[in-house]
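Same chain, two forms, each on its own as structure tokens: structure 1, then structure 2.
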Structure 1
Amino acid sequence: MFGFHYRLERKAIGLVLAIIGVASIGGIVEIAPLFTIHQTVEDAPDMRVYTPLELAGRNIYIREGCYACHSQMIRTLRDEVERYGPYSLAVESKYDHPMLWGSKRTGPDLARIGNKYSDEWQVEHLNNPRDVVPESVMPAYTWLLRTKLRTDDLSNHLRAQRTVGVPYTDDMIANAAADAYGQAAPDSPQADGVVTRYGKATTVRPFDGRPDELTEMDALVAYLQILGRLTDAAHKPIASAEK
């Protein structure tokens, strides 16, 4: 065995080819399943895209590093399902670019956090976590309530998402800024446009409790409240296999 290895080391081309061959094994293991992706990912006809406000909230979630302490993937283990809810399905991350599954849980998994708590609770928790969870080690994000949400670039964000496969229409892209404002201001003229473009199930309400001003808190709470609710696929009974 060692004699073969010594001979191989004296032949540079053979050694390079051997390295490529061994390294390609891992690549094949990772790439091969992608050829059957349409058979392995569940169908979700009711799947909807993130609204501009929710997408802005997701960007803030990434910017503030929330994914470093919270995962968004419930595994099929019994204790996880009993604690967090139905295990995560691949289709639920269909429009997540990048995906935020994660594995670090300094805080709880957030895959099913949507509507588990009220908007008021989320605002208080983000503003000062210890006001609602005394033992929390999460930092406070007090500036979110004070920071006006930037909306002039939201069309570009939607356009970039469409480039990687998210089915945003030209109408959605053109009205991104107006829809972000309208989703957090239910009495405004823009609110009807949000429902028209994103469906009747879209949540339209003042997430931070102040409909007169659109803040980063509005966006982040809107995002948290939709987690696990873009589709009902995980809550539907699994059909029994027929032979």
Structure 2
Amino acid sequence: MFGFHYRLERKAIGLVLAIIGVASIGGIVEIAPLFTIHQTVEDAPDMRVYTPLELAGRNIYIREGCYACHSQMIRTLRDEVERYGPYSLAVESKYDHPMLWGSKRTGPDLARIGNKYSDEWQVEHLNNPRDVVPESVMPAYTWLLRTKLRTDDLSNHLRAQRTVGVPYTDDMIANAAADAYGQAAPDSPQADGVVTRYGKATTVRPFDGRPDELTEMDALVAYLQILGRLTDAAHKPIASAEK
């Protein structure tokens, strides 16, 4: 073995090929089967895609680095299930490009934060967390309420999402900007289209309390309120029977 190495280390290309070969094995064995073994991701026929407004909110969540302090992955541990809700299933992040499972909980897990607090609470909290939770160390995101949401490129966002495998229809892509507006303005003519395209269960509300203006706050709150609610799969008995 050492004699072989004695010869190998005299050949730069041999060394390069050996390193590539040896280093490739682990990734190939662990990652490739995840794409081919069907049971890796559960079936959830009722799962819906993010609306344009929720997707925009998700991008704000990414932009502000929320994932650095909040996980979206409830582990299969008793205390986590009791604190946060049913443990997370793979299918729940099937449309998450990229996933936001996180690695650190400076703040609590958010996988099932949707509908746990009111819109008003979320707005107050994001604007200045210490107004509602005095002990909080979360940053105050004061600019969300005063920044208008950019919607002109939402069709591009949906189209790129479709390229990577999220089933957005042509109709959804064409109406992305209007749907984003409609979802936060229930009395507007655009509101009906959102429900038609994304389903009756879609939340159509003036998330930041001001239906006339579409802000980044609307988008982020809309996203937080849908977390854990794209599918019911985790709440069904079949999920717990897998234990």
Partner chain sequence: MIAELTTNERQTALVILLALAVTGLAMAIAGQGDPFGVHGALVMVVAIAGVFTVISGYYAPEPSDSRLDSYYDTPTKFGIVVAMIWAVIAMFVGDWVAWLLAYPNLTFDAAWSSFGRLRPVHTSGVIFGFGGNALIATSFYVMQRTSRARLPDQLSPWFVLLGYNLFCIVAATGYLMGVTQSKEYAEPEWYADIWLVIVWVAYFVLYLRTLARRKEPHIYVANWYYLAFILVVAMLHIVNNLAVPISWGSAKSYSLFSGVQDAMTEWWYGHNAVAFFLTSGFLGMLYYYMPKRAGRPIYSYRMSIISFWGITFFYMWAGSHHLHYTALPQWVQSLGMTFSVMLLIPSWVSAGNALMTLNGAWNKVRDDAVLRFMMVAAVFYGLTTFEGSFMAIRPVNSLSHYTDWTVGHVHAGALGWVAMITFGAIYASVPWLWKRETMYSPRLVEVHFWLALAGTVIYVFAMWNSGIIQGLMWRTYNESGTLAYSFVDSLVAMHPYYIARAVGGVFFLLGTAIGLYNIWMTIRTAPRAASELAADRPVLAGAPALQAGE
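Every value quoted in this text rests on a predicted model; they were computed, and no experiment measured them. Throughout, rigid core stands for the largest set of C-alpha atoms superposing within 1.5 Å between the two forms. All residue numbers here refer to structure 1's sequence, counted from 1.
Taken from the structure described as the form predicted on its own is structure 1, whereas structure 2 is drawn from elsewhere.
In the core-superposed comparison between structures 1 and 2, the CA atom of Ile13 travels 7.1 Å.
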